[in-house]
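We begin with a single chain expressed as structure tokens, specifically the form predicted alone.
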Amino acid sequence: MRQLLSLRRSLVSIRFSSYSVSSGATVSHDWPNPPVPAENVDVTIAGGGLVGSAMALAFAASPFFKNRKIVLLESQSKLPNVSKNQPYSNRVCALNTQSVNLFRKLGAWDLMKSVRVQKVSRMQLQDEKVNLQTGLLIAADGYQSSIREMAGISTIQWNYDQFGIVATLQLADNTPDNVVAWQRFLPTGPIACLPLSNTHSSLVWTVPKSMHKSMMNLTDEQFVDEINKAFTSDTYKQDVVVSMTDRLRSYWQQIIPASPTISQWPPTIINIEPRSRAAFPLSLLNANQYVRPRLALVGDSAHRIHPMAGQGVNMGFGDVECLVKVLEQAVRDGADFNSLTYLVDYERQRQAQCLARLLSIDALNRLYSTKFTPVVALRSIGLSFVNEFSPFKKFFAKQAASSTS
């Protein structure tokens, strides 16, 4: 029988006294005497966020693991009671086609669309102390992963000296069909607006570290004014670049007819939801190893990306899909599903895809952070060229929507 257990404790405060790779990975706590008897399980998922919960759901949906015992460790005592009528939070993700297909396969997509959250399975909230001995430990405990550190896995990482400011935006009443995601690249960093409904959108605004405190100290009215200005003002445009781009556009249109375009403007922001504004530091991280004997890292435990492309959680869901396929293949082959031979195959596939994505987004962030006029001119010309001609625009739009995570 499938078992998905939510154990009530804070993952942050847990002290792992041992991590064994002999007969099984042991997660134990420094409990006072008498010791708690160990409970044997097949797979333990540490972290019940988006990626960890998706990982548990994927195991629950897999016929190859229907007789396995799966444990989900989560710091919250209970799942949030989310419904369609509740206010939007400031934690929003944009799912790409691959992630949507994953949730369709897991049978969760229709429910996710209707209530914004998917219950993984039966939840047992337990207060008693539990000592687990597990065949496979999956770390989904975030970019400050205690499990990754405990396993001695090194990382490549650097800070961007930038902060991401998020908020839930209230739109003007006359905003029809709010279905367009807006992003503008400013010298201070990109600002993006993701539609939630005809009345609300989600904001992610990248600003320099030196600027984020002043932005957070603005009143709601001042902050709204800054958002509208950032999306519509010509203040950040360089006249030389604009003149050069317009001249080249006129040459292109003489050779190749421009694609018909519909003039659209960003939605007008009238307010932000109370207490929805927050800021967090931005950084890049990639673990040098995604697996160890009987251990696999998924989601932010394995990699962390700049939010400008909205691909962080999609990469985590890509980890889930890949890891489950690899483990299913092990079961299909009659092998031990937590064998390092198969786990290394997961690492090989995901390292290649994730590292390429991390570095490409990092390069794009650096490209758009510069004020050097020749570089600004080249990137503006390139974007203008793509925007003018429909085949190029459709190609890049398709790649963005369905790119491998």
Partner chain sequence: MSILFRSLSKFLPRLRSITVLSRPLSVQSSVDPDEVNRFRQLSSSWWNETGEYAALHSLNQLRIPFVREQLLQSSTQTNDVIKPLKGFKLLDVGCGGGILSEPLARLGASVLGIDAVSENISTARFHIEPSLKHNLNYKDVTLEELCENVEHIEKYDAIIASEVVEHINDVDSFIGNIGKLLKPKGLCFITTLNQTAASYFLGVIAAEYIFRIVPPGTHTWNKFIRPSDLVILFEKNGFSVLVNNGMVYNPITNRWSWSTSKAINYAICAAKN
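Numbering follows the first chain given and starts at 1. Just so we're clear, the structure is a prediction, and the values are computed from it rather than from any experiment.
There is also a form predicted together with the partner chain; it is not shown, and the following applies to it.
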item	value
Leu218, Ala335, Val166, Met150 - the one with a heavy atom within 4.5 Å of the partner chain in the predicted bound form	Ala335
Partner proximity in the predicted bound form: Phe64 to the partner chain, non-hydrogen atom cutoff 4.5 Å	yes
Proximity of Leu194 to the partner chain in the predicted bound form, heavy atoms at 4.5 Å	no
Val100, heavy atom within 4.5 angstroms of the partner chain in the predicted bound form	no
4.5 angstroms heavy atom contact with the partner chain in the predicted bound form for Ser339	yes
Options 326-334, 153-161, 183-191, 280-288; stretch whose heavy atom lies within 4.5 Å of the partner chain in the predicted bound form	326-334
